[in-house]
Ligand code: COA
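Just the one chain here, laid out as structure tokens, in the form predicted alone.
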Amino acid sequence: MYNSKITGLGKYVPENVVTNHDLSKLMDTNDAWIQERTGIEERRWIKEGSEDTSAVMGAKAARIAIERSGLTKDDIDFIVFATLSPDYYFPGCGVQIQDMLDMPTIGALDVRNQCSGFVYALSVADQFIKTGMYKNVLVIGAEYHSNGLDKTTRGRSVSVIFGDGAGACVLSREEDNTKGILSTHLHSQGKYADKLIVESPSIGHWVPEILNAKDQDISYFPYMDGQFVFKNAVVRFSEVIMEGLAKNNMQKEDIDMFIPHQANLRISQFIQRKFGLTDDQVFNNIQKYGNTTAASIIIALTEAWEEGKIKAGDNVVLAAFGSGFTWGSVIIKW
């Protein structure tokens, strides 16, 4: 059985920077309130009239990742695209990438696991390579949140959190089974699905209801029970990280770089303290981008690598928790 390793990384974020001060002009909020609760200072939102969408941003990040991998688009055997904000209800963004990058008629799979989407997508790609089915898999996480947020005081507890952006990596076959992705660990707990949810559109609340929707129908906007999500996140983060370390006979002290899903800086700081990690062992960029959901880990991983914070031989841990609830971790020997 083969191992898989990341051979190319890329990211793309819109140019439009939206600060907390900018949001205070749209809703009853302020910079201190947002930073105290989330750690976020600014985020990127796609400007009206821009060509950017989840698929377009994903394609931009993918081109960078493929170039850095030393491969060409024709070397890619399969696409896995993670997003909760696809360009269309269907088809998914994966097939758009195949077209936008003018690839051969390779397979494309879409993953809808929200904040843990990239971890799930990476795990799927890893299994395809481990079994020998594919040699090079393109994995993308991209989100276009800003067009679906309630930008009024009513929606401030959610809308201040999210940003737009995309990241991508090329996962390739590795003959040395001591390098690359060592293991992935995935979990879910669906009984809490309504704690972080967008209820509509759904088959039960479909086109006629959308056309006749009244202003008070907020089922199309994200809802989050923030305190409940926070309490579960810090528990599940710890569990799934320890599960991954135990699988690979590692201890907390063996972690060289921890890259958490960028949901809330307070969650990351809680886990950092619990594991006794230094600031140099944890990479956070939520301050600049907010929560980009399926894109957050891959954007952060790309930036950490670009800044030289990850080097060959490092033990890198990725972990995410989010809507579903779903959560997971990835243990990598870089």
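All figures in this text were calculated on a predicted structure; none of them were measured in a lab. One-based numbering along the sequence shown.
The same protein has a further form, the form predicted together with the ligand, not shown here; the description that follows concerns it.
Although the partner is absent here, Ser268 is not a contact residue: none of its heavy atoms lies within 4.5 angstroms of the ligand in the model of the complex. In the model of the complex, the ligand lies within 4.5 Å of some heavy atom of Arg156. Within 4.5 Å of any heavy atom of the ligand in the model of the complex lies no heavy atom of His145.
Under a 4.5 angstroms non-hydrogen atom cutoff, the ligand in the model of the complex has Ala263 among its neighbouring residues. Contact with the ligand in the model of the complex, defined as any heavy atom within 4.5 Å, is confined among 165-173, 91-99, 222-230, 186-194 to 222-230. Screening Asn284, Thr29, Ser50, Gln35 for any heavy atom within 4.5 Å of the ligand in the model of the complex leaves a single hit, Thr29. Of the candidates Ile241, Ala108, Val160, Met103, Val160 is the one whose heavy atoms come within 4.5 Å of the ligand in the model of the complex; the others do not. The putative spot formed by Cys115, Asn291 and Phe321 is fully lined by the ligand in the model of the complex; each residue has a non-hydrogen atom within 4.5 angstroms of it.
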